[in-house]
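Shown next are two forms of a single protein chain, provided one at a time as structure tokens under the names structure 1 and structure 2.
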Structure 1
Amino acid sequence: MARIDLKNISHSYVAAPNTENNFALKTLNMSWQDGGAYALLGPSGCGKTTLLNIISGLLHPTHGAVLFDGDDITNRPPEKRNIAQVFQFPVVYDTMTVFQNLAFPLRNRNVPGKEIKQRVNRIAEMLELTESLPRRARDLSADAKQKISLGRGLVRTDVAAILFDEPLTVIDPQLKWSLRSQLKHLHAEFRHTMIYVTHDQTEALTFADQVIVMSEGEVVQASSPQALYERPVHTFVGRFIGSPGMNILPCEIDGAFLILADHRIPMDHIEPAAPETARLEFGVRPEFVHFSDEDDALPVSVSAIEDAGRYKIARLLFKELPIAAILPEDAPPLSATPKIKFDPENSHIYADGYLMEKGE
């Protein structure tokens, strides 16, 4: 187990990078605590897998250093870094039984047979694989194979970090739930440093203590799931996290008024410190758009109601602006002329994409 530091890391797949755009990963500094659970979240091509491969040693960064517990291991190959990795598609050794698969990393490290047996049996029990131990690994289902991949990391006593590269891609939704909670449980039990790469916000938010949201080779926000949700520092994070994502509407500010499509809405806590030229946007999550009968609520029209089962999504139009709102499953039908209000605590103003701090 180890603390991981990334110092001025950047990476380019181009031989002689000269412009910023040549870098798949732009300069980045990061410090990850021993025993923490971290997620790298972003759309494809955002650099998250590049970063993971730099940590595992499969890639050598163009610039910068990777430190495990203070030791510079940038030049060490993966096998000398004491990491374990679970890949997108399950990797098992086809010819071996489940037991042999789990024992493989220990055998390679010349661990005595008795200890191997002990450790494998313990890990198999935790992963609920005990009954499958004598079976051939390739005959198992995808989720069991992913557990074996993880198990090969867990059996080792020398593991500094376990890395996950979109491990639930090929798993059915129902099984995802059980695998996810099992993984979380294992983390609580073993306290390995875990780094989880995904494009799926639910996986990232439920797994990690800290989520690193990336876009175009840069870290946009690194914070707790709750903060990502309640205070996205950039409109990208607002849109990317949440389903549906945050409503982002062009706006203007006039003193203590928010102006949306020529409609003046009184707002507390508005800090009009943005430069004159900045492009201003108003952001509010669909969960914080409430229906209201009050006189100052905004009249909207309903373009569609989508039923997701345990909740509904109301697609609304305020003049030309599309606004999504979340309704509980058993919400009463909307009136013919619905009106909405925004929860002031969870309303944000963005200048050129970045969150403006609220004045207290």
Structure 2
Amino acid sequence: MARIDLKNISHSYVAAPNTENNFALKTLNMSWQDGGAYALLGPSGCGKTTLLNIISGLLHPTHGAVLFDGDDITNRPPEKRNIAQVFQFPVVYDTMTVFQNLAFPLRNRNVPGKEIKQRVNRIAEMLELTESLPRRARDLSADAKQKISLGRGLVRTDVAAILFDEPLTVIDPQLKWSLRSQLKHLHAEFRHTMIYVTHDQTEALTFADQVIVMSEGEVVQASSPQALYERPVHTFVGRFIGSPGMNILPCEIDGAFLILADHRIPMDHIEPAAPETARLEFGVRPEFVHFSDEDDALPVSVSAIEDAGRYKIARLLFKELPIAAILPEDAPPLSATPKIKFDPENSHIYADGYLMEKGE
């Protein structure tokens, strides 16, 4: 296990990068604690796999240094970094049995046979591979092969870190939840440093103690799952996290009043003093949009009601501003002239995409 420090790391796939747009991964500094569980979350092409491959040694960064426990390992090849990496698609030895595949990294390290058997049997049970242990890997389905890849990463106890690059892509959806839970359990027991790359917010938020949200080669927020949801520091995080994501609406501020489409709303708990040229936006999550009969509530029209099973999503329009609101599954039909209010304690103001704190 290891503490991982990234010092001024950036990377470009261009031979001679000369502008910021040439960089797939823009300059970042970050520290991940020994034994922590982390997720790199973001859409395809945001730089998360590039960052993971720099940590593993599959990529050498254009600039910066990677440190394990204070030791600069930037120029050290993958096999010298003592890491285990599980890739998006299964990497197995088809001619070996499942048992031999799982035992392979242990035999390479001269682990005693009795201990190999104990570890392999335990991991096989966790991954529901026990009955397949004597079978050749080539005879298995793609999701079973990926479970072997996962098992090879988990069977070792001496690794500095275990890196997962979207490992559940080919796994049956019904098995994903179980495997995420098992990974969480193993992390709690063995305290491996684990870094998990995914574009699936459910995977990231349920696995990690800290989630690093990336967009266009930059880290926009690194926080606990709760903080990401309750106080997104960037509008990208607000939109990306949640289903549906945060309502982000253009606004103006006049003292203690929020102005939405010329409608003045008293919001005296947020009084950010933004630069005159800043683009201001108001953010509120759909569950904090409430229907109200009060005189100062905003009149809206209903464009659609979507049934999401445990709740309903009301798609609303305030003038031309689209707003989503969450309704309980058993909510009564909306009135013919619905009006809404926002929970002031869970409403946020953003300037040029970034959260404004009161008094800024």
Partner chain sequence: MLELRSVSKRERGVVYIDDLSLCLARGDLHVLLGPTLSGKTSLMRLMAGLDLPDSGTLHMDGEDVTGLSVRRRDCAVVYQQFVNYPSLSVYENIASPLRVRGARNAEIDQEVEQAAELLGLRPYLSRRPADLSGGQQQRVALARALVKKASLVLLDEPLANLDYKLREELRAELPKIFKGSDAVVVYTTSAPEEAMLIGDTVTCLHEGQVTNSGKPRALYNRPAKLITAQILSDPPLNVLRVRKNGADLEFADNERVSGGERIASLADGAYKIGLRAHHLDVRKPGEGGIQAEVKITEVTGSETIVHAELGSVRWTALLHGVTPMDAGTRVSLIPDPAKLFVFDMDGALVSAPTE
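Rigid core: the largest C-alpha set superposing within 1.5 Å between the two forms. Every residue number counts along structure 1's sequence, beginning with 1. It should be emphasised that the depicted structure is a prediction, and the values quoted were computed from it without experimental measurement.
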Item to check | Which of the two shown structures is the form predicted alone | outcome: 2
Next on the checklist: Among E218, F89, D296, P250, which sits at the hinge where the C-alphas switch from fitting one rigid part better to fitting the other, between the two structures?
Outcome noted: F89
Checklist entry - Which angle, in degrees, describes the smaller rigid part turning against the larger between the two structures? => result 13
Checklist outcome for this item: R136: Cα shift between the two structures after core superposition, Å, came to 2.6
